[in-house]
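Subsequent text provides structure tokens for two forms of one protein chain, presented individually as structure 1 and structure 2.
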Structure 1
């Protein structure tokens, strides 16, 4: 396993000062899966204050729990002392930790065997719990007693589903049984934490995991209405999600495809999603089942209502869900944009003040006049000149008498 020089420097310095140090967790797992690790975590027998003494630039990221971030050559690397977790009272984090000199005890407290593998460039891999075997067999298994792991941190149940979905692994039977037994504990986890794991599951491209999500009732205890929605529409949701991978808004729209936009908004806000995403998904749900524009006039009308980014996203989603090409619709959309055609009131060649100068119109009637002018321009973009539009206001051709 080839390690970045910054990581090697930290390991070497700890070793030179008589301390053990290994890279652990996700970086080792990803390397063994043939993926490039995104970041590196180091576990060491050195105490936090020793780490701070050995390295000139550090941040007390979580020093109470043994974690110090070492800043070296433009990289931030977390260095955590081997530890044994104390009592968990909130099903999320230990109240206290006890530092230990044993790597094995430190790895024993971790969530899954595939995340409990350590590596040292001279000593090789340390795998007390057969995580490497589970990687080969594509299995997610709790370290030691999985029920105890979930008692400690209930979020691990959703993480198990997320790892299974992202890696296309199976969840080992005892671990799966423990999820069913301990599902109610998830109610103690914050909506934000549940959201983060759920989004990774939804965007994983492996909708089959939703069977286990629904069957285990992991969403029921914190959000019963969302669970009931999933359970009642499971097959339709799975089918829609199988056609939408990666893009968050499209995956969420697929997940809520059997819901109306307003109900989906309620669910997403309950999950503490940001308003931009909530509104984007609601727009997709509102328009995805509407007929696509048949001509340039309808294209301009649709653009006036939701904007070009949203309309393009709607068309992409419609293609994914239906499997039908909308090439002509994209062509019309691109033509409008390339020609910089007027689609919005703000792009009209006349303003409300211009109209009031040549007519008695005001208030509601003024607004209606502007909308009629915009509709005329949607039908014929060449009419978007001040002269032509004011002539219409002055009733040439009977425009205002329609």
Structure 2
């Protein structure tokens, strides 16, 4: 396994100081699957304070749990002391953690066999739980007794579904049985942790996993309404999602395709999603079933209502879901942009003040006049000059527009 020089430097320094150090978890798994690892996590027998002493730039990421982030040559790498998780009392986190000098103990606390392989550049792979064999067979299997492991941290059940979806693996039978048996425990998990896994499931491009998500009732206990929505619309949601891999807002819009924008918004806020994404998805849901703009006038009108980025995104989503090309509609959208045509009130060649100078309009009537002028400009962008627009205002005694 080829490691970036920054990772090698950290491993070497720890080794030179008499400590063990391995890369572990996702990066080893991804490498063995022939994928480029996203990031590298290091596990070491060195205690957190030693790690801090050995490296000049560090951040105390989760020092109580043994994690120190080492900043070196432009990258940040998490170095975590081997640990044994203490007693779990609330199905989500150990009351205490105990540091250990044993790599095996550290690998034993990890969730799935495929995530419990370690690698050292000179010593090679360490694989106590047949993770490599499970990788070959494409199996997600809990380390140890899966039911007990889900008692400890109930989020692991949703993580099993996430890895199965992202990697296109099967969940091993005992592990799957334990999920059905222990699903209720997930009610003890925070919305944020559930969100992180759920979003990875939704964007995985493997909507088949939703059968298991609904069937196991994993969502029922923390969010019964969301579970019911999923269960009642399973087929349609799967179908929509199968057309939207990767892009978060589009995947979410597909997931909520059978819901109105408002209800979807409530679900997403309950999942503690950020407002920007929530609003983006709500806009997609509001517009995706509306017909696309058929001419330049309608295009400008729609642009004035939802803005350029959102309209483009709506069109892309419509294309994905319907399979019908919107090339003509995109062309019109591009033309409006290329010509820099006025679509918004703020782009109008006259302001409210300009109108007040030549008329008696104010308040609501002034607003209506501006809207009418904008509509004229949507019909004919060439009319967006101060002279033409003010002439329209002054027609018919200074109050009326044509």
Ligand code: ATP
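Residue numbers count along the first chain shown, from 1. What you see is a predicted model, and the numbers here were worked out from it, not measured in a lab. What we label the rigid core is the largest C-alpha set whose atoms superpose within 1.5 Å from one form to the other.
Structure corresponding to the form predicted on its own = If we ask which form is the one predicted on its own, the answer is structure 1.
ask   = After the core is overlaid between the two structures, has the C-alpha of residue 197 moved by 2 angstroms or more?
value = Residue 197 C-alpha, core-superposed: shift of less than 2 Å.
task = Verify the C-alpha shift of residue 61 between the two structures: is it 2 Å or more after superposing the core?
result = The answer is yes, as the C-alpha of residue 61 shifts between the two structures by 2 Å or more after core alignment.
Core-superposed comparison between the two structures, residue 159 Cα displacement 2 Å or beyond = No, residue 159 moves less than 2 Å.
inquiry  = If I align on the rigid core, how far apart are the two C-alpha positions of residue 48 between the two structures? Answer in Å.
reply    = Comparing the two forms, residue 48 shifts 4.1 Å at C-alpha.
inquiry  = Using a rigid core fit, what is the CA shift at residue 80 between the two structures, in angstrom?
reply    = Comparing the two forms, residue 80 shifts 3.3 Å at C-alpha.
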